[in-house]
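The structure tokens that follow cover one protein chain in two forms, given apart as structure 1 and structure 2.
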Structure 1
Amino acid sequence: MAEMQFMTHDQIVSLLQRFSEEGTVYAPTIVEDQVDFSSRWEAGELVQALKRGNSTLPPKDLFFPQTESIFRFKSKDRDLQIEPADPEEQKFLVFGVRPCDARSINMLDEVFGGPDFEETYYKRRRDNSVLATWTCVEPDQTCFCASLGCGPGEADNADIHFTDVGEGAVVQPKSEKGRQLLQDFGSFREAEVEEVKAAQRVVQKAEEQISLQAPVEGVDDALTDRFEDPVWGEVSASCIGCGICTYLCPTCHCYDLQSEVWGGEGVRYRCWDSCMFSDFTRMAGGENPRPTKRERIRNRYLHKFSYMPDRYGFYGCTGCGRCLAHCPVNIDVIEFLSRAKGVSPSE
């Protein structure tokens, strides 16, 4: 199979429909005027949904759900039964992922896979899934992926990548899983040279639209040097600790283990947690290593831009801009990084 293929929009829809007979397809879906990845995507609205900006929620919850059962328990008198939850083994396809979000999944692969312990829940979902990315033709004003070594048309870890060129898309299978997907479910033909060139122009045009830049070069050292700087107090002053930045962040991965109980039965589940919450690090005795929002915001930024590079070798940010777009008090990561580095934010 040559590397570049072409599929019409109808052929793309039918690929998803054929896959749906064997597994679940999650695709961008317009729900109450926002885009979400949903298994109830509409064939008639797919192209329209893809043309909108990025989804409000990143697709990370398909691999790392907001809540998932770990085990059920029953205890009566001194009899205790523990029943691990059945692993989900269903195949699924995540279609229309933006390259920034694909990159975040690459990062989560490292977090849940390494450096020294592989987490089976996440891995099982990754192994059972195909990641299909879509060139981001309409970057938002809050996008700054280019500063993080990412881009609207680059998705190194995708299984298959699509770039819309009008009547259809140029399709590039990038892994064995992606090639298999096309062979098993797709109708396609080899892309014409002109179509490949058109796809390149689409990517280039999208790149030109990303004007926002984050001064990340050397920011890890700058932040570490400013550990005790008053800037943390200033940035955090307006924070209300709502946690939306962590909830919408495609790379945030903190979680908790909690229980629900009814009578003598219950379930232990894993759920997302947020380092922005005041009790996140609080110990039973009352001691709290990060007692105020100053320490919590400092830790979040340092985690993304200093600790993750140190532990995993990459910044824990893809430049998707969701925290920037949705923070209710307008805490601005770019303004903050600029201040930390002592430069003025550039537009």
Structure 2
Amino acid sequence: MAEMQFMTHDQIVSLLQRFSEEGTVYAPTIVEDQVDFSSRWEAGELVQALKRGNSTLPPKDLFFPQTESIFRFKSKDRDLQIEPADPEEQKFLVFGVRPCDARSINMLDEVFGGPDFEETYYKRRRDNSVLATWTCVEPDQTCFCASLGCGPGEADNADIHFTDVGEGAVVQPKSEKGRQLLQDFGSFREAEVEEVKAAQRVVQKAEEQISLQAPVEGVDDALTDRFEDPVWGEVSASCIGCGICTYLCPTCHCYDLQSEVWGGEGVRYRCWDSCMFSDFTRMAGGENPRPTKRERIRNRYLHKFSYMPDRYGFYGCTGCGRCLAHCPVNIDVIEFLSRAKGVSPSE
């Protein structure tokens, strides 16, 4: 099978519908004038939703749910019974993922499924998933993915990649899962030379639209050297601690463990948390190593641009621009990184 295929929009819809017969398909859906991933996508609105830009919420909750049960427990007298929750087994396809979000899932793979630790629940979902990316034809004004080694058409970690060229899309399988998906479907043809060139022009045009540049080279050392710098207090002064930057971030993965108990039984569950909340690091005795917004903002930036590069070899940011677009007080990560390095945001 040739690597570059072509599928009409109707064939793409048919592919998703056929996969739905054996698993679940999550695709971009327009809900109240915003785009989010949903299993209740509409075939007639799919292409329109794909043209609307990136989703408001990243698809990370399909692999790392906002809330999930870890185990149930029962106790009677001195007897304690623990019943672990069974990881989900159902196959699912996530279609229309932008390259920046695909890159974030690759990062989460290292956090939850790396060589030193394998998290059962996350790993099982990843094993049962197929990741289908879609070239970002119209990047948002807040996108700066190119600065982080990503881009509108970069999808090396996807299973299959689509680039819309008008009446259909040039399709490229990127993994054995992607090749198998196309083989099972069968209704496609090899892309013609002009269609491949058209896809390349689409990617180039999209890359030219990205004007924001984040000065990330060497920023890990710059941030570490300024650990006690007044800049942390200046940046945090306007922060209201709402945590939206962490909840909308495709790479943030902090969580808390809670229990609900009724009588002699209960459930332990995991739920998203945010390092921007005042009680995130508060200890049982009341002590808090990050008592003010200054320490919490510092930890967030150091985690993404210093600690993660040191531990995993990559920045914990994909340049998706959600934090820029949705921060209610307009805290600008690019402006801050520029200040930390002593350069202007345009350099």
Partner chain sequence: MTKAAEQQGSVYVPEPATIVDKKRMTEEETWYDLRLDSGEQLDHDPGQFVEVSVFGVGEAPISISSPPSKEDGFELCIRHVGNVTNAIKKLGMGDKVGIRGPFGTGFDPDAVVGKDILFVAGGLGLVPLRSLIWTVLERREDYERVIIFYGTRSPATILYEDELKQWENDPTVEYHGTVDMADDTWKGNVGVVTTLFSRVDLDPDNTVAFICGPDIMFRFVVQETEKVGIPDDMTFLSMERRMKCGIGKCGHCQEGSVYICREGPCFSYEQIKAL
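Just so we're on the same page, rigid core means the largest C-alpha set that superposes within 1.5 Å between forms. All residue numbers here refer to structure 1's sequence, counted from 1. For clarity, every value in this text was computed on a predicted model and none was experimentally measured.
- Looking at both structures, it is structure 2 that matches the form predicted on its own.
- In the core-superposed comparison between the two structures, the C-alpha atom of Glu89 has shifted by less than 2 angstroms.
- In the core-superposed comparison between the two structures, the C-alpha atom of Glu194 has shifted by less than 2 angstroms.
- Positional change of Ser75 between the two structures reaches 2 Å or more at the C-alpha, relative to the superposed core.
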